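The data below hold one chain only, encoded as structure tokens and taken in the form predicted alone.
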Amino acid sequence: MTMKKPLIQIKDLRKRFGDNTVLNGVNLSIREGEITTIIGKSGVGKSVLLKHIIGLLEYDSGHILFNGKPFKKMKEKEKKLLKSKLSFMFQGTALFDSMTVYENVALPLNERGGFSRNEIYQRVEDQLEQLDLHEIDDKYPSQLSGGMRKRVALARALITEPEIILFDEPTTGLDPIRKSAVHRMISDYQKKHKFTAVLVSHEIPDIFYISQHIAMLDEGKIIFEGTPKEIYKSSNPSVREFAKQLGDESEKLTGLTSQYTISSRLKAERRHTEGHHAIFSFIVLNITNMDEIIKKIGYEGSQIALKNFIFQIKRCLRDTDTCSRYDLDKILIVLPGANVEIGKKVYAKLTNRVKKEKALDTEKFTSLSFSVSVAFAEAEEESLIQGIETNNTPKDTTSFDVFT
């Protein structure tokens, strides 16, 4: 697999505010066309680092390179061109209360200049349509919910079709449903427009589902760089302690057990049965029509449906079984002491139970169907969790009715 080239390189970056050293030799590579998320404890300088990348703060020493060229060595014309390719979504949205939704989204185009009134109108209307905001273009930010304001801020960040977007805590203050909806929107638009994204986020493990690259900042330095799954295997004590704390948290949207906790339980089970075979059955459910669901009921509605679907799954499991969100649209079920045949019986029980619920008074619900492909696997090693994507077990496809 060819490694993507770094679009942004941060080398030995340092920044002090009075006697307080915030960045103490930060080194970080941000690869083109990926979502890189910067995590860490509160107050370690994550937002400060982001503001240095966008140019809102000036660093004391070190270098920030774009396509291999230090920003400070660029000519003014080059700097201006680079800044036109950058966009920033502020933590508090930074929408102007005196402007309508339309005016807020149009602002970057008006500031840049070179667009006719008709061109601005068409681009803004297209962007609002894509984010399902077209019916509120004449409203003011104070008239909108927190989730709606985040979507307007996202529309404004996207309006100039930037190559790089920086997101500073894009889901702060939102409930789990709306947080998950914003994460999904960022992921979908990044895939569609291929921009490079850098996020600062506390939403763990939720943010791992949309990120290809994770960097952990601690005591002014990057102490971990890698994929979301690699953070759980780090040998750095600080990273391991952080990962352990992650394991104590449930997934925000669904309340599911974290993958770290599942891995720990499987290891404990193996120790408990040392000298004997500790068999585990794995069921991977992959929702294949989530894009269609989003088109039907929107981002927030799709996350409510996902939450309800997982609730149905959990009701069919034994007390000893565990269930984890494995990816943006994947769910991992682990059945200790069960072989594949038992796993298939559990899955059959799940499908039968969902079919029976069709008999509910559907006038009280909106019904839709998830298309789910399922894979079964069996192993004596918990490491299958890390390698389950490569499983070549034949897959079955089932349609589930889910109520929202």
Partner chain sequence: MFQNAISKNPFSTIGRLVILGIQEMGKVALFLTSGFFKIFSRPVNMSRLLEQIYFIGAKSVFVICLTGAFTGMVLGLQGYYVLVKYGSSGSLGSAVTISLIREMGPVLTAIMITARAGSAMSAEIGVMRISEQIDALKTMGINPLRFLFSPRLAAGLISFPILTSIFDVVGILGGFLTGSLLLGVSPGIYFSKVESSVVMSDINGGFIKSIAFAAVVITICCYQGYYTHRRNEFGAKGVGLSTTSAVVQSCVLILIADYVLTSILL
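Rigid core: the largest C-alpha set superposing within 1.5 Å between the two forms. Quick caveat, the model's predicted, so the values are computed rather than measured. Positions refer to the first chain, counted from 1.
Another form exists, predicted in complex with the partner chain; not displayed. Remarks below refer to it.
Using a 4.5 Å cut-off to the partner chain in the predicted complex, not one of Leu28, Phe71 and Leu81 places a heavy atom inside that distance. The listed set Leu131, Leu317, Ile297, Leu86 contains one residue whose heavy atoms approach the partner chain in the predicted complex to within 4.5 Å, identified as Leu86.
A heavy atom within 4.5 Å of the partner chain in the predicted complex is found for exactly one of Phe90, Tyr140, Tyr121, Phe115: Phe90. None of 343-351, 369-377, 29-37, 49-57 except one has non-hydrogen atoms within 4.5 angstroms of the partner chain in the predicted complex; the exception is 49-57.
Residue contact with the partner chain in the predicted complex: Phe96 places a heavy atom within 4.5 Å of it.
Although the partner is absent from this view, Pro108 contacts the partner chain in the predicted complex, with a non-hydrogen atom inside 4.5 angstroms. Using a 4.5 angstroms limit between non-hydrogen atoms, Lys150 is distant from the partner chain in the predicted complex. In the predicted complex, the partner chain lies farther than 4.5 Å from every heavy atom of Arg325.
Fitting the two forms on the rigid core leaves the C-alpha of Phe90 displaced by under 2 angstroms between this form and the one not shown. After superposing the rigid core, the C-alpha of Phe71 moves by less than 2 Å between this form and the one not shown.
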